[in-house]
Structure formats: structure tokens, C-alpha cells
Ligand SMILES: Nc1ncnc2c1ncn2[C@@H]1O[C@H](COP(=O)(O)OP(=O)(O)OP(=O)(O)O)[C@@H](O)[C@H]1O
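First, one chain by itself in C-alpha cells, the form predicted alone.
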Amino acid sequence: MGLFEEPRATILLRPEVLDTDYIPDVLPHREAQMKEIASAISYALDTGHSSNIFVVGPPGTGKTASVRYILRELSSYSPLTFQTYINCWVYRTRYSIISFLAKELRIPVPRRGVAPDEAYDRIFARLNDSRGAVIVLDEVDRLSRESTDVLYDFSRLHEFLEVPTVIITIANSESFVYRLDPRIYSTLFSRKVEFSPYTVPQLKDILRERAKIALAEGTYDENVIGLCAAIGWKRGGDARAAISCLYEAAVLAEREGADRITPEHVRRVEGLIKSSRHESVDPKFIPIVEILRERGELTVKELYEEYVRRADKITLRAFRNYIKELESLGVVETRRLNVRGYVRAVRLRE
């Protein structure tokens, strides 16, 4: 067999179903949240009263999948409603978000660019030709501090439109909203829909739904499903981690010529599975995660000194705020050591 010739798949028949970006036809255990969001959209479109929804919860809890599922349903329910999804991890500046929105509306933007007010005038005119607008800002807590003006823009969008608008913001933590102008908070983030970490039984249901579509019949059993679910639960009730674990175990089994996935395959790939919380942190926090991965638990002072050597010279006070934010995101956990003085240790949460 040549280097680039793969053996015929016997286990993993539809690998795209185990991609974490795949939107399935069934999303177990998120029915209540989806119904609440869909009801708000439906009410806005039917009554003409604009609405805003803040979707919040740790990574891997189904926020993005649920909202994108709703957008897919909305396309059939109300095809004349403009909808778009903007990932603020990718589009992190006011200009890039305005440009993306203009492109989605097929508004030509010259290479020299246009002033925000001029771009918004064109956007408003185009949106007023639709039945309404649903705009999703995902990873909104990743916007740079200098770019939060765009949130103020969106908080006032309904004032300039003749059609109802729904702005859905998605974030892993609500801690960032307390740094915003109170006018933004009261408008964009007052209505909250929370997504809690999945439990082991819930993760099992999610994996069963994916497995029966993605994997050949008879190539896995409940022990494999349960073990992948437990790994996802250890990483904070993270469905992405559980799904990735099942995928990697299936790939390993096929690579070795096995006719089914075993618990041993799952155990061997466990070390490859990272928590979504660790993968979605702000770039300035990445050195902290890398240091803790390499060295394990460290005191705040030890971690601070290593961070300064590797990354950035900041004050200890600013660094402590970094740790607090990572703790609120569920990325790290701290504990007080039983030594003289107020000494705390930091480690990654699994």
C-alpha cells in the first residue's frame, strides 16, 4: 500500500459528525435554552419590538451549537429575515466587524475603507429592506478593550432601524461585562440565558446521538460511550472534549486495523484531549496555561516570575487579576497553602 493510500473506513463512516463544529439534527439537553432564545426571536419578529439576548456558559456547553441550530431553523421559518453569525475571536475590531456585516449584506466597501457612520448608513438602508435582523456576536468577551465601541453601536442599532432586530451575544463568562459602560450592559446583557456544564448522563446522550450516525453499527459499546463521557466531565462537563475523545479513539482503532473501538483505545487517546476552556483563552493568557501544563501546580509568585521571563513585564497586581479572570472562566483553580502568610497555589482545572 502506498504512503498516501488509506485503508477503507470500517468504523468511522461519517467523520464530519464527530467534528466539534458539526450541527446535528438533535441537540439533547438544550431544548429549554433553545426554546427561550427562539421565542424571543419569534416575539420580536411578530410584534416589531427589538430584543437582545446574552448567552453565557463555560466552553463546550453547547452555546454556539444551539444558536447556530436556531439560525438554521430560522432560515426556513422566516427566509426574509436577515441573519448573520460573527465570531469576535476572528473579527476583534470595530472596523473588521462593520466590514464583515457590510460584506454579508453585499454592500460594496472600497479598498480605502469608509468611515463607520457612512458604513452604518448603508447597512441600515439594506437591513430596512428585510423583515428583521438577527445578528449573533460569538466570543464577545474576546473583543479587545479598544473595540468595545462596537457593542455600544449594536446596543443602539434598533434606534436606527424600521424593522425589529435581535442581537445575540455569546460569552464564556459574564465577568467582562462589568468593565463595560452601564448603558451597554443594561441594553445588551440584561436578558441572560445560561448554559451549565453537562453531566455524565447528558454527555452519554450526546455521544450516543453522534455515534449512531458517525460510526458503523457494532463497532462500539456503552463502555466506550461512558468512558468518553467521563473524560468530558473531568474537563468541566465539556461536550467538545467528549466528542473529540470518541473521534480520536475511532481513528486509532481504524489505524490499527481493529474492527471495533475498545476502552483501551479511549484510554490511549485521553492525553490528546484538551479542555475547550484551555483552547479558547485570550492570547495574553496562553503563556500561563502553557507554564502550568509544563510544570504543574505553582504558587502565584512562582507563576508570575516565570510569566514575566517568558511573556510580558506586568505588575504583580495586574497578574493577580489575570489569575482571577482565568479562575472565573474555569481554566484554573487556586487553593491556599498551609504555610505562613497568605500564599496561594494555582493549577489547571481538568
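Just count from 1 along the sequence shown to find any residue number. Just so it is clear, the structure is predicted and the values come from calculations on it, not from any experiment.
There is another form of the same protein, the form predicted together with the named molecule; it is not shown, and what comes next is about it.
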property	result
Heavy atom within 4.5 Å of the named molecule in the predicted bound form - residue from V26, I314, I286, A38	V26
The unique member of L151, A133, I261, I206 whose heavy atoms fall within 4.5 Å of the named molecule in the predicted bound form	I206
The named molecule contact in the predicted bound form: R210, any heavy atom under 4.5 Å	yes
Interface membership of E333, the named molecule in the predicted bound form, 4.5 Å heavy atom rule	no
Contact test in the predicted bound form: A250 vs the named molecule, heavy atoms, 4.5 Å	no
4.5 angstroms heavy atom contact with the named molecule in the predicted bound form for E139	yes
Location of the named molecule contact in the predicted bound form, chosen stretch of 306-314, 41-49, 55-63, 291-299 [non-hydrogen atom, 4.5 Å]	55-63
Contacts with the named molecule in the predicted bound form - residues in 226-256 whose heavy atoms fall within 4.5 Å	A239, R240, I243
